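First, one chain by itself: the form predicted alone, in structure tokens.
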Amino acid sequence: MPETQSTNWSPTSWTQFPAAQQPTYPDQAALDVVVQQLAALPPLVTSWEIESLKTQLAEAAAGERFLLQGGDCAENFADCEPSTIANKLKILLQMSLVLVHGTHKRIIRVGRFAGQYAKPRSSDTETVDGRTLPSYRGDIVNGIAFEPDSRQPDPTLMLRGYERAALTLNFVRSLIDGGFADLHHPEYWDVEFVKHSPQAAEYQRMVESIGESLRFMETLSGVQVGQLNRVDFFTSHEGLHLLYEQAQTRQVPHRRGWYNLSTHFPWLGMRTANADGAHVEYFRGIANPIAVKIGPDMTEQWLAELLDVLHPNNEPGRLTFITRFGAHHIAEQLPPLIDAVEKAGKRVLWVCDPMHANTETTANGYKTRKFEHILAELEQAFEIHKMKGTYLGGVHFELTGDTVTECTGGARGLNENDLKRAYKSHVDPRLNYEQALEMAMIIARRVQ
């Protein structure tokens, strides 16, 4: 039985609760028009795709699958172009191939894209050279240029965000349905950058092994394993901008409840996860599988409150906790929260995000993350769950399929001086193609 909202819930009931991280629009009438237009547009995803993902997440929580979730910290409208989208899809496919080979489990592939256009900020305003303007909250809200016109929240950007999400989804689905993800030819997923990677030879051996296994199986059976010419692929984004999420929330024929049809898998960040806040009120009523980021400020009582509000019926696949403590704090902070969930008698999917709490700033002003810190948090997460008798069922990375230099370390040994070569992120640093593939290989060896 799906977890459904009580009779006092509606897609707009969140407006009666304190709402954090929401932009202030100067023209309420113009905002209302845009929300009405969004509500009238076709959904971006379907309820049966959402229910399929929920089933798979339930299997991951039971130890039968493994979740790979990754993509940009914040998408930019300008990156809605073929090569950027294809490269992100390629790296996620290649990472999933490595994980299948190493873990012997089915992999759930979830992209942090087709909607990741809004970002939380530490302050509503930003001051530069004595001038104060609204903070940049992502392309769906305002522009990054530090100018009054650019930083003024513009409701029409929500329509542009919807359009870019639709274009991205359409291209991803076309690639997958057209055979882009065909496991008979994983060599087609190659990106030029990997040819120079120290991991290239190991990856090539893995590709050849999978190809030989498929050919052997098909020779014995006399038929082609046709289902391996495509894969399931799902989308996710932080459900931050509540008016945007509300506008795409609707009921569908033959199913109970309300679905957020802008994405398959929305999540809540720590800044908006107050149990009595607007975001939790909104999230408690949607039928999608949902996730909550869990960081250093999370207490056992707070976690128990979230379980009561968001996961009252213990529906399989409903709730995922994505932990982000940092390499130096996870050993102290994760175990009591695992105990709190066990005490509540609830089943959740545990996922490790080793990126966000390992961010630091270099002496020359670059925001970066060290590969060894990312890996250290991930290694500890596996060990803690093993010690507790629970299952770490997934990983959540900020990554790109491009040749950026935003995180230091990895097999190529990028250092602080390398960051200036190709630092492209407007918000947080991402693993590049080579680092992401290396991380997948390490995870596969660790699980194996």
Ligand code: PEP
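Because the structure is predicted, anything quoted here is derived from the model rather than measured. Just count from 1 along the sequence shown to find any residue number.
One more form of this protein should be noted, the form predicted together with the ligand, which is absent from this view; the next part is about it.
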| query | finding |
| --- | --- |
| Every residue of Arg112, Lys119 and Arg324 near the ligand in the predicted bound form, heavy atom within 4.5 Å | yes |
| Contacting member of Glu238, Glu377, Glu245, Glu75, with respect to the ligand in the predicted bound form [4.5 Å, heavy atom] | Glu238 |
| Listed residue (Gly285, Gly269, Gly102, Gly277) with a non-hydrogen atom within 4.5 angstroms of the ligand in the predicted bound form | Gly269 |
| Segment assignment from 157-165, 335-343, 269-277, 76-84: heavy atom within 4.5 Å of the ligand in the predicted bound form | 269-277 |
| Close approach of Glu398 to the ligand in the predicted bound form, 4.5 Å, heavy atom | yes |
| Glu434, heavy atom within 4.5 angstroms of the ligand in the predicted bound form | no |
| Partner contact for Lys293 in the predicted bound form: the ligand, 4.5 angstroms, heavy atom | yes |
| Contact test in the predicted bound form: His356 vs the ligand, heavy atoms, 4.5 Å | yes |
